[in-house]
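Take a look at this single chain, the form predicted on its own, given in C-alpha cells.
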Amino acid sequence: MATINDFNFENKKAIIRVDFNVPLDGEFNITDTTRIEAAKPTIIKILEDGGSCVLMSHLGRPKGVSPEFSLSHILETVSKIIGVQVKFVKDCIGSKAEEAVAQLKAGEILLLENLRFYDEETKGDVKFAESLSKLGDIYVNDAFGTAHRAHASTTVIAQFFKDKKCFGSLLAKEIESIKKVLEDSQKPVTAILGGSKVSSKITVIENILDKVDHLIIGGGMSFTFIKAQGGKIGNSICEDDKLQLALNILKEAEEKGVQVHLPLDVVAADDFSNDANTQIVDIFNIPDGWEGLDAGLEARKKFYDVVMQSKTILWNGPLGVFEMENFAKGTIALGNSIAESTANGCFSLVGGGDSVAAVKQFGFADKVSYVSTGGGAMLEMLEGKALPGIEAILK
C-alpha cells in the first residue's frame, strides 16, 4: 500500500483529492472544520519535502456552476488551518487552472474550484480525469469520504499516474483502522450498532458476525428485534417488514457463538419531544402510547460490562435520540465507557454520521482510538465491499 511516506515530493507538484465538503451556514461560515484539519498532515509533509500542493474537492451538490457552492468561500479558513496563504483558481481544468499550476512554486498551495461544477466529475468521465491529471506530477488520494464513489477525481484519474500515485496519511489511517477491526483485531471484539433502521445496517451485521464476539444493538433499530421476539414496543419505531430478518440475525449470531446484547430497559416518553413525560420501562413491555427514546439504566450497566471486557470496539450509531438533552444519557454513558476501555488499552473505532456527531458533541473525540471521517465509505468497507477510490491506488 503506497502512502505519501513512500515518496519524496521535492520539486514535485502533488495533485491531492481532499474532502473539503464541509457544512456552511447562511453567511458561508464553516460550522465544522474537521475534514480540513484531517487533510493537514498530508499537505504539510509534501510542503516540508519541498513540493507544492494542488487541492481538488467538491462542495455540496451543485447543478452546474453555482456561486453559493464555490470553494472560494472556504479559502480563508483553509489558509488559517494549514498555516499557509492558499491560492485559488476559478476553474479546475483548462487553461486557467493549468496557468495557475505552472506558476506554483515549492511550498505553495493552490485550491481548485468545485469539481462538481462539471457533470463529468460524478460521471467518472475519462477526458475530464485526464485534464485534471495534467495539474500534478504525483496523485494523492486523501478523501476517504468519497472513496466509495467511482468519480473522475477519486478513481478514474489514478490511471494516468501508473507508479506515481499513493494514499494520503488520512486515507491510509482510515484503511488501517478498519483493518484493525475486521482483520487484525484483538479479541474480544465488540460491535455496537445503533441508529433508527435495521435495514441500513443489515449487510454490515452479516459481514461482521464472523469477526465479532459481542454485538450490542441499540437505538431505534433495537425495537424491531424486540417486537420480532414478541415484545410490546408501544409507539416505538419499528420496521415491520424486517421482523423475520431480525430473527434470522439472532439465529445466525447464536450459531456463530456471537453474544447479542439488546437493551434491557428504555427511557420511554409519551411524545417525541424533549419536554415529554418519561418513565423507565422494561423494553419488552412498553405501554401503549409510549415510545422508547433512550437506553435505560439497566441497559447502560449491561453495555458498560461488555465494553469493559472488550479489546477491540467498533461503534456505529447512537443509543437514543441524543439530539434531545433528556434522551442523550444512554449515548453519553456509552461514550464514557468506551473512553474508559480505550484508556485501558482497547482499540476503539467510531464511524457513521450520527455517532461521529455525538462523539464530537460530548467531547469523546480525543478519548477514542480513531474517529472515521467517512460515513458511507466506512459502512461499505464494513460490509466487505471494495471501494473504487482505494482499488484505483492499489492497482
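The first residue of the shown sequence is 1; numbering continues from there. In this text, all values refer to a predicted model and were calculated from it rather than measured experimentally.
The discussion below concerns the form predicted together with ligand AMP, not included here.
Proximity to ligand AMP in the model of the complex, taken as heavy atoms within 4.5 Å, picks out 312-320 from the listed stretches 312-320, 83-91, 299-307, 121-129.
Contact check for I109: every heavy atom lies farther than 4.5 Å from ligand AMP in the model of the complex. In the model of the complex, I237 approaches ligand AMP with a heavy atom inside 4.5 Å. Although the partner is absent from this view, S200 contacts ligand AMP in the model of the complex, with a non-hydrogen atom inside 4.5 angstroms. For P188, no non-hydrogen atom is located within 4.5 Å of ligand AMP in the model of the complex, even though that partner is not displayed. Checked against ligand AMP in the model of the complex, the candidates S133, S169, S79, S196 yield a single residue with a heavy atom inside 4.5 Å, and that residue is S196.
For a residue to qualify, one of its non-hydrogen atoms must sit within 4.5 Å of ligand AMP in the model of the complex; none of I217, P263 and F284 qualifies.
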